[in-house]
Ligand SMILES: Nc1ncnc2c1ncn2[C@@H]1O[C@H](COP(=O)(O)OP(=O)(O)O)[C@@H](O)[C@H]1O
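Presented as structure tokens, the chain that follows is alone, the form predicted on its own.
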Amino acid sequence: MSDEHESPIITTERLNKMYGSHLAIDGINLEIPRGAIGILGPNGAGKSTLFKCLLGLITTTSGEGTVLGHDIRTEGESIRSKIGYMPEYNALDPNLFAVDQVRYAGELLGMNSKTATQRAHEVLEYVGLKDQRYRKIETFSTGMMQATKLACALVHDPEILICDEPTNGLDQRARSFMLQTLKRTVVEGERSVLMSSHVMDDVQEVCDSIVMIHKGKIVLQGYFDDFAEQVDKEIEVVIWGGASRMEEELATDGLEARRLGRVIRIKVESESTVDKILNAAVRAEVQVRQMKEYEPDLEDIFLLVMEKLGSEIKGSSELMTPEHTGES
């Protein structure tokens, strides 16, 4: 593998951004590798501000950064020519045919009309809209509009694709196709994807590394598998006939458990934890329908980090702001 592929696509060093007296970005040091990267963080964490700094859209207060080797302070135009951005908000013209919308996006990026038209047809086929190219956007479903936004972001064949809530409002079929398309862009297209989403399952399906931002600081950065090993091991049991009694018996034995309906996850304290669980089930007079080692997911990791930070966040629904503001 060449040095170009081994070097990070984005770096920052002691990056700060002030909005008046508010420190939105606080001394961020980043090294983002090629591939698919999930950008996570609670409301107002600084994700949007970071994106704007990296794109050269706003001036940093202090610190340095590069995107694909270009300086974020002086080479914003070069950076933007190599990045595709799929925003959360709807930026489409309802009166245009899909092919004209995507062609127009290409022309705005400096492509000539002929090249932009050719690419519009190619990328619309790529995102699954080949047969809808000559329909007006106002007739599109949410899934088709999201796919059109993705086509606009890909029209100039960028090296990095930034996707903000790409599965927002999608049904299961459209969501699955969107995630598959993003994975194809990384694996077959050999492009990098930065994906911001409040749906942890989506991030975990597409991304293999994550960056977590909290109050303008990086609190976690690296590969998902490395973090999963740091989460306490748990045994997951499916109980029938009295999960509440089972929960009480586990507490009596001093076992730490969390319950989700009939499913109870118990922290592994020692080799005797399994025996203690079975003994508790006997005392509670319940059936253990299933018992297995629980594999931690991205939400577990996120909540663990937030817990350590003393945050009040309880679930992934609170991770992202529905609408971005200058301070977010």
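Numbering starts at 1 and runs along the sequence shown. Being a predicted model, the structure only gives us computed values, none of them experimental. In this text, the rigid core denotes the largest set of C-alpha atoms whose superposition between the two forms falls within 1.5 Å.
The form predicted together with the named molecule exists for this protein as well; it is not shown, and the discussion that follows is about that form.
A heavy atom within 4.5 Å of the named molecule in the model of the complex is found for exactly one of Gly65, Gly46, Gly56, Gly38: Gly46.
Heavy atoms within 4.5 Å of the named molecule in the model of the complex map, among the stretches 268 to 276, 48 to 56, 286 to 294, 255 to 263, onto 48 to 56 alone.
Looking at Ile9, you'd find every heavy atom of it more than 4.5 angstroms from the named molecule in the model of the complex.
Within this chain, Arg14 is remote from the site of the named molecule in the model of the complex, having no heavy atom within 4.5 Å. Using a 4.5 Å cutoff between non-hydrogen atoms, Pro33 does not count as a contact of the named molecule in the model of the complex.
For the marked spot (Pro158, Phe177 and Leu182), a heavy atom within 4.5 Å of the named molecule in the model of the complex is absent from each of the three residues. In a rigid-core overlay of the protein, Gly46 has its C-alpha displaced by at least 2 Å between this form and the one not shown.
Once the rigid core is overlaid between this form and the one not shown, Ile58 counts among the residues whose Cα shifts by 2 Å or more. Superposition of the core reveals a Cα shift of less than 2 Å for Ile37 between this form and the one not shown.
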